[in-house]
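Read the single chain below, which is given as structure tokens and is the form predicted alone.
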């Protein structure tokens, strides 16, 4: 009996050792490139059939019978995310407003987001007097966002720590709604409002389309006033006006999209790429980030990084940190009053699909977008200004290849 026990024990130890070796081998494997393409094909996280079904849900237009509004900005996710394929950027903007009292930003009544549409003219939102802080925010690309979600929080913190003190991006943590509001390092939205694509989906479904869901059961107001009399669909638990839990399909679709691909690479593009680094653009617009290994548990335990997203090299050209580059919109959402004039570094991948630049879309060419940078980016702009006309054209050629 003793020999049997010893045999069982030694076998267990051997199996455990092999498992550890295999795990270490998997984690030590060289990262591979994330798939890229504007082709409406899955990145491999889910089947193409499931991807197509999720895409249709992402494109589905909601109406009043489904809970649309009563105050809203769009009828479908794809209204704001559709260039050149569903999930990409668009020319759509949203409007935000509030008041700055000299010390603190104060939200407009009902919140800083001013919805552009309403199901009834009686509840149309508009900016009220005394709210002199106004800004537009362009919609963002969501293609490849699954890879961004899969970045280890420590990686983002390490990027911040590696930056010069005068340009060090601010790390903030935000609640992951589906994980009981557990905190995680933020990475999505112009103000780094979210760390999870499911949290982002629930927030957008409520605030942009006006549909309550299991993560957001309370309907918005119209300039702070109740709109219950104009809302025929009940917001009852557990899923509000989203009984099919469409927010899960939205998140799954974004997680399964490929990264934006590069355009043609020419000699000028290669020269511009070197200049991009030489002047210092890459300090904030970080070229390459490796996602966490497959099997890593993220989002407060609510999601496990799958093989399709894990240990991938991505090229978002962003550090996913908050910076003051002189273009801040004056709005506070997360991170406190110190973030009033800070914005998340926008990822530049897919930039060749954009004709309206910066957070408000008010800059319409690459040279002017670069020159609009100030604050923490002043030194980089000074370096750019020392380039010859030819070199500036090459750097812009590089941007137009992203």
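Computed from a predicted structure; not experimentally measured. Residue numbers count along the first chain shown, from 1.
The form predicted in complex with a small molecule is left out here; the points below concern that form.
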Which of 101-109, 176-184, 72-80, 226-234 lines the interface with the small molecule in the predicted complex (heavy atom within 4.5 Å): 72-80
How about residue 142 - does it come within 4.5 Å of the small molecule in the predicted complex, if we only consider non-hydrogen atoms? yes
Contact of residue 257 with the small molecule in the predicted complex (heavy atom, 4.5 Å): no
Does any heavy atom of residue 300 come within 4.5 Å of a heavy atom of the small molecule in the predicted complex? no
Given that the partner is absent here, does residue 344 sit within 4.5 Å of the small molecule in the predicted complex, heavy atoms only? yes
The small molecule in the predicted complex has a heavy atom of only one listed residue within 4.5 Å, and of 34, 357, 55, 68 that residue is 357
Heavy atom within 4.5 Å of the small molecule in the predicted complex: which of 273, 327, 212, 311? 327
Run the contact test on 167, 370 and 384 with a 4.5 Å heavy atom cut-off to the small molecule in the predicted complex and return yes or no. yes
